[in-house]
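Below, in structure tokens: the form predicted on its own, a single chain.
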């Protein structure tokens, strides 16, 4: 049995986290007296609960999706993005929530899957009132959904959310949390990348390998720094060119553009921005041996995992390789509270999880994304069986 298979999370009584495995599948109604907020349920097959909120007073427009709580409460980040339509936001939160279920299952965190999105420009539309309202929305789920940091939100934003609800992880160490999860997500990707390199090249060391990173925000920049320190040749590209250039000067990387970097000649392409970039247009132009990065939902559609497989490009399923952040914040819920040494040990298990996925892919003769789903579904099935 692998180290990952032996992980067993125990919920800390001091955080009042409910054991969703013994809870009935019902949700409390929102108390309208708390806030003048309009909450609308969105029936969605295959999801436990999806709801959208609109608060005219603060301008909050948000969606929370709970996909599955078979293994525990639904923990997933709060993303803030300027979606062009509500339907686009709904599509994103549904994919992200499902991905969190599978991510937490394969990482053996003892958690379920959920996600939230705030619709708006993270650079210009944040306010304390907005995040207080978001906290009220999250609080209406009474622990069935627990939030954390994600694209467009920060620890400072979470601290504001925490003023309206206790169902928040990833706060600063001073505030009793585990801090920014981004470095731990990056570390998990680094650990998983070693398994990818070992599979493709027979050697797990990044030294001398060329890694092209698309997106150098909080996670991508940490990942790039780790790779340079390990001796890799790093190419960086970002939506904000000045950010890529600044990082490149700092660590000694080469700069490409946000779009061109996908087609650089490299050993590994690492998508670390938003999803959907593996598609009909990009895959035929790839010049890499593997795709392994920190971004969620890298495949636009499942068929694109098949296309990568047919081209002989090894794909590291995103929800397996990028689980470091969720593992770290999940450790806040351990009996006795957060302990970094325990978190780092659990993040190391991503290497084992990646190798397990590759083994299933090889023995079943299926693409790696299907292998990861099989592994996650088996864990979820066992979790369901254990309750009966």
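Numbering follows the first chain given and starts at 1. In this text the structure is predicted, and so the values were computed from the model without any measurement.
The same protein has a further form, the form predicted together with nicotinamide-adenine-dinucleotide (NAD), not shown here; the description that follows concerns it.
Asks: Please identify the residue among 192, 317, 215, 170 with any heavy atom within 4.5 Å of nicotinamide-adenine-dinucleotide (NAD) in the predicted complex.
Replies: Exactly one listed residue reaches within 4.5 Å, namely 215.
Asks: Let me know the one among 239, 204, 90, 286 whose heavy atoms come within 4.5 Å of nicotinamide-adenine-dinucleotide (NAD) in the predicted complex, would you?
Replies: Of the listed residues, the single hit is 239.
Asks: Give a yes or no for residue 79: in the predicted complex, does one of its heavy atoms lie within 4.5 Å of a heavy atom belonging to nicotinamide-adenine-dinucleotide (NAD)?
Replies: Residue 79: yes, in contact with nicotinamide-adenine-dinucleotide (NAD) in the predicted complex.
Asks: When the contact criterion is heavy atoms within 4.5 Å, does residue 313 count as touching nicotinamide-adenine-dinucleotide (NAD) in the predicted complex?
Replies: It does not: once nicotinamide-adenine-dinucleotide (NAD) is placed as it appears in the predicted complex, residue 313 has no heavy atom within 4.5 Å of it.
Asks: Please run the contact check for residue 273 against nicotinamide-adenine-dinucleotide (NAD) in the predicted complex: heavy atoms, 4.5 angstroms, yes or no?
Replies: Within the cut-off, so yes.
Asks: Does any heavy atom of residue 328 come within 4.5 Å of a heavy atom of nicotinamide-adenine-dinucleotide (NAD) in the predicted complex?
Replies: Result no; residue 328 lies far from nicotinamide-adenine-dinucleotide (NAD) in the predicted complex.
Asks: Report yes if all three of 71, 107 and 147 come within 4.5 Å of nicotinamide-adenine-dinucleotide (NAD) in the predicted complex by some heavy atom, otherwise no.
Replies: Per the other structure, none of 71, 107 and 147 touch nicotinamide-adenine-dinucleotide (NAD).
Asks: Where, among 192 to 200, 131 to 139, 151 to 159, 248 to 256, do residues come within 4.5 Å of nicotinamide-adenine-dinucleotide (NAD) in the predicted complex by heavy atom distance?
Replies: Checking each option against the 4.5 Å cut-off leaves 151 to 159.
Asks: Using the arrangement in the predicted complex, list in sequence order the residues of 175 to 193 with any heavy atom within 4.5 angstroms of nicotinamide-adenine-dinucleotide (NAD).
Replies: Read in sequence order, the residues that approach nicotinamide-adenine-dinucleotide (NAD) (within 4.5 Å, in the predicted complex) are 181, 182, 185.
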